[in-house]
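Below sits a lone chain in structure tokens, taken as the form predicted on its own.
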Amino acid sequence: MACNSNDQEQKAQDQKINSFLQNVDHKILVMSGKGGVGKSTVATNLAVFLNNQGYKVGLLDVDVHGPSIAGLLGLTGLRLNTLGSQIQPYHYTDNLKVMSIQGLLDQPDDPLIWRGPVKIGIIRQFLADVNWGPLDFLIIDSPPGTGDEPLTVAQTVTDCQAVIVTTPQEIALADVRKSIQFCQKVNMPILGIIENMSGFVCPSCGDMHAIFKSGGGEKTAAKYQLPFLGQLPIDPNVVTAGDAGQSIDSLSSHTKEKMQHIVEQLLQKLPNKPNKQKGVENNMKIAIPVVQGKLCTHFGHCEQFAIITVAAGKIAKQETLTPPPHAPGVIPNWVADQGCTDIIVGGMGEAAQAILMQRGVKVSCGAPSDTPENLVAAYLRGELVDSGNTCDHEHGHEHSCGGH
């Protein structure tokens, strides 16, 4: 009878796990061949940067012996609650939920002296009994190596894909090759390789120093015909931010740009790229023509556009893009092709307005010359009032824009 009871419990848990996984679009296991390569930092920031783009993300730490996700996000010492039979994960933001064994310990530094079967049971419980809700991404941070934890994920999480983190030196790359072979044996597709600690930028002189060599991860990816997602440098600011419980997106540094590039590369490698606006009611992508850092009133001839992504009512991403050469209808269609939902301008001709409205882009005219950040903030507060016929007089403006 005991065996039958255990079998029934196992089946019930399997059903819970499968039910949850069916509501997760993409499952990504972040792994490394050896410790000390910054795997948890990469996993944490993948989750944060995907969240910043408006995705619903779950971040699961299955490194039960050395959990670090809670510390990297400033959650150490905060206990997790249980409602009914479900564990409530940390709500880092409205769209980012985090689960770590640290939240269930009486003392965050208590050691867990567990053998394989107990660890396997905990990982399955984190999949079955945590109130995740529907997710675009489940990012799983695994301990280094190819032991119980990554094997349990491979056997339990259907359609899981791997991201492998390494450093450039040969001893790390040798272990990466083991991780690649592990993925091949368990039939887990590899989304790509990330090379961390790839050179050190001297804060004094600005020169790059290849302390641990550089390019080894990219060469390994090429050898095994795997995507190379990008490099992250050694950045003292990242260490400081991690110790303070802050992610890389809190920095204004070259590393933040590198991390954003890695996320964009990752998204491009997905077979079915998820919709950025899924589950985000107030996600917007706002275009603003700019010159010298402020709004350019001559929309049609402006040489640059600030493209600002807003998620959960806050600026999540900002980039500056150069449109194609001016010709009738080209710029409005280009703005729509960037996935923009709104555009803030000083003035605009009727033909351009018509194209944008047909493409589903909301046009706000009559904006003053100000920085994109200030204009977006005012727009979100409802303080930019469309003056109606202002857009019809774009060519009446005498302001120069990009030399035109």
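All values derive from a computational prediction rather than experimental measurement. Quick note: we count residues from 1 along the sequence shown, nothing fancier.
The protein also exists as the form predicted in complex with a small molecule; that form is not presented, and the subsequent description refers to it.
The candidate stretches are 340 to 348, 51 to 59, 375 to 383, 29 to 37, and the one lying within 4.5 Å of the small molecule in the model of the complex by heavy atoms is 29 to 37. Only one of E218, D235, D175, E303 comes within 4.5 Å of the small molecule in the model of the complex through a heavy atom, and that residue is D235. Scanning P89, P144, P323, G192 against the small molecule in the model of the complex with a 4.5 Å heavy atom cut-off leaves one residue, P144. The closest non-hydrogen atom of I140 lies beyond 4.5 Å of the small molecule in the model of the complex. At a distance threshold of 4.5 angstroms between non-hydrogen atoms, D63 is in contact with the small molecule in the model of the complex. Within this chain, M197 lines the site of the small molecule in the model of the complex, having a heavy atom no more than 4.5 Å away.
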